[in-house]
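Taking the form predicted alone, here's one chain by itself in structure tokens.
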């Protein structure tokens, strides 16, 4: 087996509407998932001589990596008994930043394992991904999706026209579970009817490849909960708006804040204006799936 490589693009949420809690404990939601050109790099190679178990190496991430679970579940579901492999992850997506870096890595591992095993069934990969987490299915073949359910029901949207994204990371993390619990405490979830209406409005607004939905559809219902837990996020939102961003919002459950601009150069200028922050902000553009076709028969 030769070395196999995949890129794992980060994801941002272009708005998020929060609904009621499901029987499985997760919330219904409606969101637009947009991959961006901030990517981890994932490599699969044969494990060391005599190794009996798969290995996952990801500097800076402690505890079991979601990529380890992805590889384990892939073997269990497909019955693949190929020789032990080594996964190396070069992190560029910030950890615990609300940008689905762990989910992106897990999905990249599923693609790598499928290539190594000769599996050409994206439907199966998405089924495995759904058991790993709500953000993972959209990362199996990253592109712009309208996501509903808890994030596992995906409706592919046209690729957007180019635009600029300012990514302002925080020097701290936020637990996704804590943010959802705070949202419940604040009474933020909406009704099922409101979710259906938001889903239809977003699909219509983005059907022609518009880069962004109207501002009233870009609201993140989790933002007040994230700000409640970390009030300094409000200062960051104000700073991003002060750079001239068309929109500023907390990304997913946070703590990353994103600013949306008409083009990449405006986002780069904003990153320079906020370069005194630590971590230093970065400007990115959407990631396009030119070389990642869906393999489902």
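The model shown is predicted, which means the values in this text are computed figures rather than measured ones. Positions refer to the first chain, counted from 1.
What follows is about the form predicted together with adenosine-5'-triphosphate (ATP), which we do not show.
> Counting heavy atoms only and using a 4.5 Å cut-off, do 148, 154 and 203 all touch adenosine-5'-triphosphate (ATP) in the model of the complex?
Spot residues vs adenosine-5'-triphosphate (ATP): no contact at all.
> Under a 4.5 Å heavy atom criterion, is residue 110 part of the interface with adenosine-5'-triphosphate (ATP) in the model of the complex?
Taking the distances in the model of the complex, the answer for residue 110 is no, it never comes within 4.5 Å of adenosine-5'-triphosphate (ATP).
> Answer for residue 34 alone: is it within 4.5 Å of adenosine-5'-triphosphate (ATP) in the model of the complex, judged on heavy atom distances?
So residue 34 does not count as contacting adenosine-5'-triphosphate (ATP).
> Heavy atom to heavy atom, is residue 58 within 4.5 Å of adenosine-5'-triphosphate (ATP) in the model of the complex?
Answer yes; at least one heavy atom of residue 58 falls within 4.5 Å of adenosine-5'-triphosphate (ATP) in the model of the complex.
> Using a 4.5 Å heavy atom cut-off, state whether residue 199 contacts adenosine-5'-triphosphate (ATP) in the model of the complex.
Contact with adenosine-5'-triphosphate (ATP), no.
> Within 4.5 Å of adenosine-5'-triphosphate (ATP) in the model of the complex, counting heavy atoms only, one of 208 to 216, 118 to 126, 154 to 162, 91 to 99 shows up; tell me which.
It is 91 to 99 that comes within 4.5 Å of the partner.
> May I ask you to choose, among 228, 234, 65, 269, the residue with a heavy atom within 4.5 Å of adenosine-5'-triphosphate (ATP) in the model of the complex?
Among 228, 234, 65, 269, a heavy atom within 4.5 Å of adenosine-5'-triphosphate (ATP) in the model of the complex occurs only for 65.
> For the stretch 103 to 119, I need every residue with any heavy atom inside 4.5 Å of adenosine-5'-triphosphate (ATP) in the model of the complex, listed N to C.
In sequence order, 103, 105 come within 4.5 Å of the partner.
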